[in-house]
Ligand SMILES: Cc1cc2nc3c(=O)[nH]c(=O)nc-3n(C[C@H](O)[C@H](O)[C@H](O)COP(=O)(O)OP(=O)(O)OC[C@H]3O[C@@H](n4cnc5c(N)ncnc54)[C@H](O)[C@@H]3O)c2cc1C
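Consider the single chain below, provided in structure tokens and representing the form predicted on its own.
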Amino acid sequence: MRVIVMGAGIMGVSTAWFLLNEGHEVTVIDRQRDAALETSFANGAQISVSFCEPWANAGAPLKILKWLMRDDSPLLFRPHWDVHQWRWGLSFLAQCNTPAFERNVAQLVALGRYSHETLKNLVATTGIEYHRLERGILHFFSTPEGFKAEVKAAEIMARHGVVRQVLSTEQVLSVEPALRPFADRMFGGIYTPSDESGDACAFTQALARHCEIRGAKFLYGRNIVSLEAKDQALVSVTVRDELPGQRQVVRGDAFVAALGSFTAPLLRPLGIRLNIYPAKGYSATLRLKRPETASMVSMIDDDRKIAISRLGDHVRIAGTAEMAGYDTSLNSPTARVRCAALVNRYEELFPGVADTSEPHFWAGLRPSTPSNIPYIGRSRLGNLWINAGHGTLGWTHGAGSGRALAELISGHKPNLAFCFMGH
């Protein structure tokens, strides 16, 4: 079949790769000039199978209420007159109970394991370099209350086969000695040695090149103008080339929507209503002045809910989520506060290690569902497939989601316990 993939982020490119493996002819469409220049561009860099918990849990509503008036809060919900935001918010509250949490965790862990295995095999096959570090993820705590709550969470995750090592402060320092200047303000940690980190953008762009070598066609710089459906099937995609301003009709036998947060509005005119809402995330990438004293293990700072990952001679600090629509600007007062908080926290943890004078700030839209379970599978239009809604776990679940969808399109059943659309 000729398959048209809409979106060249980690989801779209991974899907394209595995569609090629299945023998299909593949064309990928993206409005940017290269792959992975939006949500996949500068994320937290963590492949965190052992930390793939849904945001929605029994304690989440109270935390969100406490954070409402803080511009630097980990999760900022700013209500708008937006029916899609309110629909998402009410659905999120419905997921904030223990039975739903347990169901959602089971699916996220299953997809995470499947995806991690897929990624490892893909890297072994292609030899792609992306600042990969297989040193696990270290979650450290600045309050005894936070540490106690995470110890309890580790017990819950153990029921799903996820092993989280509970560490004393001294054991945390043995895993990551660079944290020693902060030792007197730490109250233990959780370590998951099976997790890893790496640059999602570098990986995705390299994988796109491999796809091109194998015959995939990439139409960059094309905005999707409209979709044409007929007789319960998608017929074509009309795109506009921004430079000459010309329109082009792209036809195929099957279509994949993998456009992150923009998947939902694109498909609404077709009567397909996905409960995906963008969560604006921020990151700061800093050049290391003293790489030899910088951390090597990817970390989660529980107090600020941020990820810290080493990428060669740079460090990526990423986190926070802002439910405020499709704005990715960095110029608002709230954005400036949130960006500054990332840099200030890193300097507090590792004084003098990084050059904070020229931070590279970025904001991207995480395509979030209320349950954190992504949409993977067939839509109500028989030849239109969806791979979107992965929230903060796009890098963790990317390779496996692409493989699973390619298998579904090819008539195979993926070997994992997950609720696929249309099945």
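The numbering used is simple: start at 1 and walk along the sequence shown. A quick note: this is a predicted structure, and the numbers were derived from the prediction, not measured.
The form predicted together with the ligand is left out here; the points below concern that form.
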Gly112, Gly319, Gly189, Pro278: which sits within 4.5 Å of the ligand in the model of the complex by any heavy atom?
Gly319
Answer key: of Arg222, His139, Arg310, Arg338, within 4.5 Å of the ligand in the model of the complex (heavy atoms) is Arg222
Do Glu53 and the ligand come within 4.5 Å of each other in the model of the complex, heavy atoms counted?
no
Using heavy atoms and a 4.5 Å limit, would one call Arg378 a contact residue for the ligand in the model of the complex?
no
Since only the chain is shown here, I'm wondering whether Gly402 would be in contact with the ligand in the model of the complex (any heavy atom pair within 4.5 Å).
no
Do Trp395 and the ligand share at least one heavy atom pair within 4.5 Å in the model of the complex?
yes
Out of 351 to 359, 39 to 47, 58 to 66, 370 to 378, where are the residues with a heavy atom within 4.5 Å of the ligand in the model of the complex?
39 to 47
Looking at the ligand in the model of the complex, which residues in 143 to 172 have at least one heavy atom within 4.5 Å of it?
none
